[in-house]
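We begin with a single chain expressed as structure tokens, specifically the form predicted alone.
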């Protein structure tokens, strides 16, 4: 005979569900409402159906901003994941050096995003910035306000400085969870350094690497504050990502219908790509076991 299910636990999570409904679902429904309507002011709305979605999906402006986002996220993942692993492997496991390294790694993560953008905006200036002045002094023509490549170099370097610590700390958490007996067995068998990493350390970091990849992909794909503060989306539209373009459309141009449709498409793209990342990496992990 089956025991009756205790439903009292639902009352414990009910406040959380209500908070999520208020802070996420209700605003989302408002955006959905705007995405299928048009307005000419005076709080008068007219049914537009899927017109805004079709306009966005056929918009060259949207496609170019999406391409910039994909390229930026791919570069960020290609740099930060291997670099984070290397940093984690180089961190000490015992002694006072552990605390020092953890504090230093956590410092960039504590700085607000707008402050990070302001720091690198000044840091990259040719007249007073250390980076810009140094590059000019050694003969490199660097100006992130004028040159698109320099702008991309600046925001990529800024993001690597800001968020590689997160990947390193997650990888370090996976490394310190490995029992010492594994390393002792590897030394007895005469395993090389690469073999220890390939067959002991990397499998133990699979789950934290999955979290790191998902977090860094979502953060980099939705990046807004830092490049907006540093370049404002310029020069031209070279660093205008979807988030910046969305704000310009909604706030600057006050095109609520297209902006709402674009935000929903943006949300679905992030959700789809995150699901693909999660599925591929979990399947890889299961196949390696």
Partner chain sequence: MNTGATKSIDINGPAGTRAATAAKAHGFIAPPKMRKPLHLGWLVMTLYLIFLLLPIYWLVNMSFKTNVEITNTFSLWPNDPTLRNYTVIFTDPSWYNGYINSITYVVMNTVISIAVALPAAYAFSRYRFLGDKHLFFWLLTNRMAPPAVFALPFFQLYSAFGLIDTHIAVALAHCLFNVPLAVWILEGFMSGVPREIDETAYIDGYSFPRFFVKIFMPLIASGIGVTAFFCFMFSWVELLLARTLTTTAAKPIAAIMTRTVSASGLDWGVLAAAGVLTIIPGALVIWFVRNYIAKGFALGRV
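Numbering follows the first chain given and starts at 1. Just so it is clear, the structure is predicted and the values come from calculations on it, not from any experiment.
One more form of this protein exists, namely the form predicted in complex with its partner chain; it is left out here, but the text below deals with it.
Here the marked residues 67, 155 and 200 all miss its partner chain in the predicted complex; none has a heavy atom within 4.5 angstroms.
The partner is absent here; in the predicted complex, the one residue of 74, 103, 140, 149 having a heavy atom within 4.5 Å of its partner chain is 103. When its partner chain is considered in the predicted complex, residue 136 lies well away from it, no heavy atom lying within 4.5 Å. When its partner chain is considered in the predicted complex, residue 78 lies well away from it, no heavy atom lying within 4.5 Å. Residue contact check for residue 236: none of its heavy atoms lie within 4.5 Å of its partner chain in the predicted complex. Using a 4.5 angstroms limit between non-hydrogen atoms, residue 263 touches its partner chain in the predicted complex. Residues 99, 101, 102, 103, 104, 105, 106, 107, 108, 109, 110, 111, 112, 113, 114, 115 of 98 to 116 are found to place at least one heavy atom within 4.5 Å of its partner chain in the predicted complex.
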